[in-house]
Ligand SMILES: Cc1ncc(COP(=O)(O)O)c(C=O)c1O
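The data below hold one chain only, encoded as structure tokens and taken in the form predicted alone.
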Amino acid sequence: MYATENEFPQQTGLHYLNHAAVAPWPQRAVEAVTRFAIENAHTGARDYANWLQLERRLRERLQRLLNAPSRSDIALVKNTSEALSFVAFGLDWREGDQIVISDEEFPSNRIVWEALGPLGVEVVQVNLHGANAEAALLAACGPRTRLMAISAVQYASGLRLDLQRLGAGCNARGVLLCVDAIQQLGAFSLDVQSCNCAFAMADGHKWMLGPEGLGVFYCREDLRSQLKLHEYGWHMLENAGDYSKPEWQPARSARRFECGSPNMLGATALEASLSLLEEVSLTTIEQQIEERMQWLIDGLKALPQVQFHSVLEPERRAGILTFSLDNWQHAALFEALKQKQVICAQRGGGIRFSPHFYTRQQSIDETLHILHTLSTK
């Protein structure tokens, strides 16, 4: 396994199980941002051309992470919500159009579609609790369905969907597939080509171990010109460096969605973090996360009065495990864990743990010991 002690020198006694919320940066990201800050302080933007090369490397890493056909398919955005809004308010909707989502979506992937209500667009929510979530989603796609907007992994339950099956089903029905990949990208593989994704988006601050304020938006080449633009500026032009040219047109690449100056500080951190993920390899990361999830599941099963709110089957789970203890109120248990330096979240009717590939077994064992002590109180 990759030596993570130098990359994640976390405080002694801290048990960080909250990567589905906001992840710690690896040490190389800290050092990259420090170098960037020092360079800026000493020489300003003298070497801006080098910054642009770093941004190019970031796009290439994101392209590989998503298996996008081209670097031109990648836009750097502020966050997932912004990318979802580009799709929601870019498509040419007709009154009576339908959008299929699940009934477990994070607000970002629900509110943006409900905001289309004044245009006569209907949002159809599908319950995922049955034995065949993909079949239920596809069955909800009727003749008026234009788009299915679904999270690759549900933020509370951790349910991981079969995107290839959904993509094939949407393609056969003439429905566009829009994937909120924030709880999968960086933890489990996602291939936008094999999944027939029209659009995919994710923030960098969760499983990609990057900063808040920078994310990725994949837009299929044939759909870019179909999204009406609502943001304009110098950076989104085809000839972005020609400031005196009176005629202009949006960039043919996904840069058309980037209206103004780039977030170079965020790009510096995210590029460094993604370099670590590539060195470790996504195959190894998946295996390590699955191993740590199994440690948690086995340990929690030994606790009295534990209730799981997540799917436990390996093929259905990702890096999220939500549970509750019958003799504890969720808020009180969350605060008790926080006092013991177990960093987690309240989600989905319980406590949500989300370990990453580098999470030490000792940290998980100590967390389970803390829970065992609390459960017997």
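Not measured: the values here are computed from a predicted model. Counting begins at 1, following the sequence as shown.
As for the form predicted in complex with this ligand, it is not shown, yet the points below apply to it.
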item	value
Heavy atom within 4.5 Å of this ligand in the model of the complex - the one residue of 288, 268, 145, 79 that qualifies	79
Segment assignment from 133 to 141, 295 to 303, 105 to 113, 159 to 167: heavy atom within 4.5 Å of this ligand in the model of the complex	105 to 113
Contact test in the model of the complex: residue 151 vs this ligand, heavy atoms, 4.5 Å	yes
Contact of residue 155 with this ligand in the model of the complex (heavy atom, 4.5 Å)	yes
Contact flag, residue 182 vs this ligand in the model of the complex, heavy atom cut 4.5 Å	yes
Residue 205: touches this ligand in the model of the complex, heavy atom cutoff 4.5 angstroms	yes
Partner contacts for 28 to 61, taking this ligand in the model of the complex and a 4.5 Å heavy atom cut-off	none
